[in-house]
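Just the one chain here, laid out as structure tokens, in the form predicted alone.
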Amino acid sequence: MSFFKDKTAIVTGATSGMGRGIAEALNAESANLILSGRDQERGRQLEGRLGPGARFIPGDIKQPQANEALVLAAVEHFGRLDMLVLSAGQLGIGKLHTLSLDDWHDTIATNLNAVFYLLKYAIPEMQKTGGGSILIIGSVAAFHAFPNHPAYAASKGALPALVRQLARDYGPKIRINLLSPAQVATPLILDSVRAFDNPDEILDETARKLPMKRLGLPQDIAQTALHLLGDQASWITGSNFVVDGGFLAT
């Protein structure tokens, strides 16, 4: 029997990239899913493909009430909440002095404030059923500088400290960990290179510089996510797991 059977997870950023890969992996393990994402059409399509154990809930996670709605939906549809995967992200590319105020605030709101909102509403509900497991998708940008990523780096850089704090405050019933990928082949990384005249060459060069000689795939992240969410990681909390194809080693 799967550890995830009859358990319920909220997955943000579920309509593409790593979030979608994790949602599909949890679905394959018989978990119930509340899906959140920006693209309603893709969200409805994913809901239909994953079947009756998945519900897509539209909403802007930058707003507190949208996060509360995800938690309420988990209880309404499935009667409980056991896991969170916070995968939604935004880049906000630009040098600090040229970055618009809107881009700064939107990036912080998506990558950091929305994490706070969902945790605020979800943790009390998880405590009602004895606890659970939380996984936040961070980035190696918390530990390594990239050109023109000040808002992204600032928002992702706050997450390791937040995870450590929450692990201390809510253990032993609730575990919380951070998963920090490097360059994964998702729409987000494609967006990050479109400003250049040679995006394909940049992606190829990026892959060649990695010790593993390829970009990551959503499946690479999903398999680590399943491990951290499941009971095989029952003594792991407050930790950061880097899945980067060796990027930080170089």
Ligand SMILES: NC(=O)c1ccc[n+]([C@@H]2O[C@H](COP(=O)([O-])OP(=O)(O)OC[C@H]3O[C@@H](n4cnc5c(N)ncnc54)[C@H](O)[C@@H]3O)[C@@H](O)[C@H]2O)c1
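Residue positions are given as counts along the sequence shown, with the first one as 1. Not measured: the values here are computed from a predicted model.
Below: the form predicted in complex with the ligand, not depicted.
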Answer with one of 31, 184, 34, 46: the residue that has a non-hydrogen atom within 4.5 Å of the ligand in the predicted bound form. 184
Should residue 53 be classed as touching the ligand in the predicted bound form when contacts are defined as heavy atoms within 4.5 Å? no
Determine whether any heavy atom of residue 87 comes within 4.5 Å of a heavy atom of the ligand in the predicted bound form, and answer yes or no. yes
Examine residue 133 and determine whether its closest non-hydrogen atom to the ligand in the predicted bound form is within 4.5 angstroms. no
Though only this chain appears here, would residue 18 touch the ligand in the predicted bound form if you measure heavy atom gaps against 4.5 Å? yes
Candidate site 4, 7 and 175: all three near the ligand in the predicted bound form by heavy atom within 4.5 Å: no
Partner-facing stretch of 87-95, 117-125, 73-81, 161-169, counted where any non-hydrogen atom is within 4.5 angstroms of the ligand in the predicted bound form: 87-95
Within 4.5 Å of the ligand in the predicted bound form: residues from 55-80 (heavy atom criterion): 59, 60, 61, 62
